[in-house]
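In what follows, one protein chain appears twice in different forms, each by itself as structure tokens: structure 1 and structure 2.
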Structure 1
Amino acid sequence: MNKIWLIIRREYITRVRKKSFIVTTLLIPIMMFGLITLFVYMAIKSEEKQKIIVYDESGIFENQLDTTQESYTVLYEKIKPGETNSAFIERNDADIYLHIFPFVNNAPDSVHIYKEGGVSLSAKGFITDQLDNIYQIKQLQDAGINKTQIDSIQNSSINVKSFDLKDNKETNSEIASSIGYFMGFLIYMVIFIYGAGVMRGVMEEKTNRIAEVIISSVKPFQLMMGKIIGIALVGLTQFMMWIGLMLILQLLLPFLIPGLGDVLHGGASMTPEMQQQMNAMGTGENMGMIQSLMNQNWGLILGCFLFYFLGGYFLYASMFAAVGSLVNEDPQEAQQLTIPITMPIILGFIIMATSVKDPNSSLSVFGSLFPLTSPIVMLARIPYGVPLWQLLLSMTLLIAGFLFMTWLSAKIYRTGILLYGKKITWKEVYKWIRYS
């Protein structure tokens, strides 16, 4: 036990001290934080205010466009005879020229938007929405419906809520699927990154010929497990650091983007546009999302994440170690030999992608029980709620799979690690397993 501890410590310390570890541990949260900040900033600030100059020949839209929101100011003006479009924009110091032609037979004939370098999608969307809305109201009014009635029609929206049949808790499939996808993806990445780390470590020991020296002091199994556990601890350390750094960085967010706190807390500075958006989304949709996030069984999700993270890692790490022990100097050989391992991981990822949409299909259920795919697929199903028997069966199978794979890999590893300079085929490996 003492010796495996020494091995774990060496694996851990040499990796944690590496420059690449320190750089990725610090840089990834900063980069993620930077991206999030950028998104939040863009969402709040949006574009610079643009001035729209409207020449309305129809007379329907005059003074009707919404002038209360942040991104655009609107000005109504007539173009002079003989004046070019660009001269017209320039004269009014505007960015966008909206030309509405006269309507024939009360049907919209045509509307043109001019802007230097083309009209942006958001500007076009804004104008189209506004014009549609104004024109619809006009048509409704023409049909004899009064202004109050129109307002009440416009503000009505049907609010659909979904519930879990089992406990009548409100569910939100968008949230469930994003949580599931994120967790599944994370495990997929972890298996690949740290599994490959185990493989490279084993290859290093084999090609440096140190394995035989170490194995004269400890059992091959101890060396293999020491490396696997050491790297698992490195991974956990990295995760902890990431979470810690992200928490610290997000405290800085209000200082970087003033006014954000008010927005988040629904303060007075909420812009009319946002209010309107909230109204459009239906009463208290945001509250519903937060409620739904709270309703998630986070204890279960995080507990399962930890279990499947470790289970999946250990299952695959021992396989990666076995493959590493088979490789000689040639890295291309490693690529070929890893195919039997990468296939089930990728398969798991593909099943996971369908599971976030359809968590109870037979494929999803199979994927979440089969030990080689369950660490990825089950995580995608958990936010939707999984029957207890399936969860327990999946966990049992994963533990059994992990024990079996470790046993199998140890057999391959202890022979492979001492075999130099010979290309090893799977047929030979099969013999080692059978006869050793």
Structure 2
Amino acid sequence: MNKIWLIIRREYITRVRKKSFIVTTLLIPIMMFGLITLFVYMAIKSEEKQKIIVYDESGIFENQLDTTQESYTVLYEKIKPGETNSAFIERNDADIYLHIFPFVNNAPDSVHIYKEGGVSLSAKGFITDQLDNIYQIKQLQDAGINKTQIDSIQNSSINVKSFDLKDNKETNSEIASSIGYFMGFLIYMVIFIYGAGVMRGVMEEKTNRIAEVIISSVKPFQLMMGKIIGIALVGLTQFMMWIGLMLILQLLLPFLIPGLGDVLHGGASMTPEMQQQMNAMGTGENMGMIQSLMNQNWGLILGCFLFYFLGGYFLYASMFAAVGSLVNEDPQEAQQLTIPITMPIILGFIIMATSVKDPNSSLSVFGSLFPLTSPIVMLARIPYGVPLWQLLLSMTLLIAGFLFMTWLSAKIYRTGILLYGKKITWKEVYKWIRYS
């Protein structure tokens, strides 16, 4: 056991001191922060109002366009005889020119929008929605129908709540699916990234002949387990540093973009629609969602996440380590050998996508019990509530699968780590497992 801890310490210290570790640990949060800053900055800049000059020959839309909730100002003006569209826009210092032609048989003939460089999708959508709304109101008024009554009927809805039959707590399928999908996707990414890191580490030691020196002092199984646990600790360290850096950078965001503080705290930059949404956060459906979020069994969810996080990583890391011991110096050979490992991971992700919609289907139950897919699929089912016997059986099978796969991978690793210059076939691997 002491030798395994020495290998863990070596793996951890060696990788943490690498420039690549330092660069990626610092660069990824900064890149994410930069993207967030850019999006927020562009969102704030997009609040700058554009000026629309309207020439309404129909007379129906005069002074009707509503700009209280949009980033546009509207000016109504008539074009002069012989004046070009460009000159008309320039004379009124406008950005967009909206020409509404006369009605024919009480119906719109056509509407033209002009803008240098073309009209953006948001501007066209705003104008189209406004004109459609105004024209619909006119049609209702002409038919003697009160539009307020129509809106009241269309906006009415039935409040439907769902409850857990066992403890009569209110549930929310949207929240449950979001939690399950996020946790399953996170484990899916961890298995791929850090499992492949174990494989690359084994390949490097084998090609550099470092493994020969290490094997003279420790058993191959001890080397494999030390490497798996050491890289797991490196990944955990990196995750914790990412979380810390993102929190620090998030605190700096309002100082870099002063306008952000007003938006976040309901200041002058907040539109009436945004203010209305913020005021609604404490009532109605939002309160129900918050209550459903609080009703989740977070102790069980976080405990199972930690268990399946570690179980899934160790299961697949042992397999990646075995594959790394088979590869010499050909990257294409590594890609071919990892196909049998990546297929169950992808299958688990596919089953997870269906499990968030129907967590109790036969496919979902199978995926949550099968050790190669359970770390991903089971986490998508847990927020919905899983029978205790299924959860215990899944955990038992995952532990058994990890022990079996570690024993199997150790047999391959023991021979493959010292084999050079020969392309390995699956037939030879089977012989190693059988006779070693």
Partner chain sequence: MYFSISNDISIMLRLEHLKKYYATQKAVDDISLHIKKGTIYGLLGPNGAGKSSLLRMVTGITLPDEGKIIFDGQPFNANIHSINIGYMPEERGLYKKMKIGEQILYLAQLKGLSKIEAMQKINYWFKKMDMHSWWNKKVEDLSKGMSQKLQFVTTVIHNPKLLILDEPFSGLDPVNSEIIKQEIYALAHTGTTILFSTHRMEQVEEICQEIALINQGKVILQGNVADVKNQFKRNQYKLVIDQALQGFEQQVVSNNDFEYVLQFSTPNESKALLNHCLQHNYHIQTFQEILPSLNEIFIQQVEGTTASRQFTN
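Everything quoted here is computed from the prediction, not taken from an experiment. Whichever C-alpha set is largest while still superposing within 1.5 Å between the two forms counts as the rigid core. One-based numbering along structure 1's sequence throughout.
- Here the chain coming from the form predicted together with the partner chain is structure 1, while structure 2 comes from the other form.
- After superposing the rigid core, the C-alpha of Lys18 moves by 2 Å or more between the two structures.
- In this overlay on the rigid core, Tyr55 has a C-alpha that sits 2 Å or more away from its partner position between the two structures.
- For Gly303, a C-alpha deviation below 2 angstroms is recorded between the two structures after rigid-core alignment.
- The shift recorded for the CA atom of His99 between the two structures is 8.9 Å, with superposition on the rigid core.
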